[in-house]
Structure formats: C-alpha cells, structure tokens
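Okay, so here's just one chain, in structure tokens, the form predicted alone.
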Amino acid sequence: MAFLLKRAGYALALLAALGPAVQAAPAVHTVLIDGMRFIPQTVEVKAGDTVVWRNKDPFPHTATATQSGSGGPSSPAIAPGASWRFKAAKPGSYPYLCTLHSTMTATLVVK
C-alpha cells in the first residue's frame, strides 16, 4: 500500500510540474472583411488570444472600437489584401466599426 501511495505522489508531482505546459496556448482568430461586412459578425475569444482582420475587399477598411480607450481594437486603415493583428488583453464586449464605412459593424467579445 505504501508503494502505491508513493507512486501516486510521484504522479501528482509530475502533473504539477507539467501543468503550465499543458495549458492551452493563446489562439489566433480571423475576421474576414469581405463584401462590405465583417465575417463573423461576433467573434468570441479568450484574453490573450490574437484577432486578425483580413481585408478581402478592393478598398481599405478599419476595425475600430466604437468607444475609444475601451481596450477594444483600433486599427489604422487596412489596405486591400492586407491584414491587421490585435491582441485581446482585457475582458469585455467591444462593438466596433469601420470608420471609413460606418454601416459596417460587428462585436468582439473577450472572455
């Protein structure tokens, strides 16, 4: 019995040592800008994840939080065929739009 308890102790110590290594790495999520809209309309990510806006339209767009200073995205103009990356650091819900085409709206949710 003592032998089994000792082995269990070693197994728990090994799991504790590997714990940080088995945590999920931050993910990368893509929002397409195509046909004058953001796809998907709502993207949910975890804090620490990266969101990439990829512009497939033939003209520039932005991805800018409707409330400045909120911690949401604030891109420069994203040229046709280009992309822009944003690391989602602060949990919250961030409605955003294209400042060049204000009818284009979507929401980034950071959990």
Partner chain sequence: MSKFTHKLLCATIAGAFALAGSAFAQTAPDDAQIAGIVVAANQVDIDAGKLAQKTTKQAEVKSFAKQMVTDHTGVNKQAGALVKKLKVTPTDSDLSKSLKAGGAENIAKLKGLKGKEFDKAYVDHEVTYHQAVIDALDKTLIPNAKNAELKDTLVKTRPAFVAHLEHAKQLQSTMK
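Residue numbers count along the first chain shown, from 1. Here the structure is a predicted model, which means the values were calculated and not measured.
FYI, the form predicted together with its partner chain isn't displayed, but the following is about it.
**Student:** Just one of 76, 69, 35, 81 has a heavy atom within 4.5 angstroms of its partner chain in the predicted bound form, so which one?
**Tutor:** It is 35.
**Student:** Is residue 101 near its partner chain? Define near as a heavy atom within 4.5 Å, in the predicted bound form.
**Tutor:** Result yes; residue 101 sits at the interface with its partner chain in the predicted bound form.
**Student:** Considering non-hydrogen atoms and a 4.5 Å limit, does its partner chain approach residue 60 in the predicted bound form?
**Tutor:** Contact check for residue 60: yes, within 4.5 Å of its partner chain in the predicted bound form.
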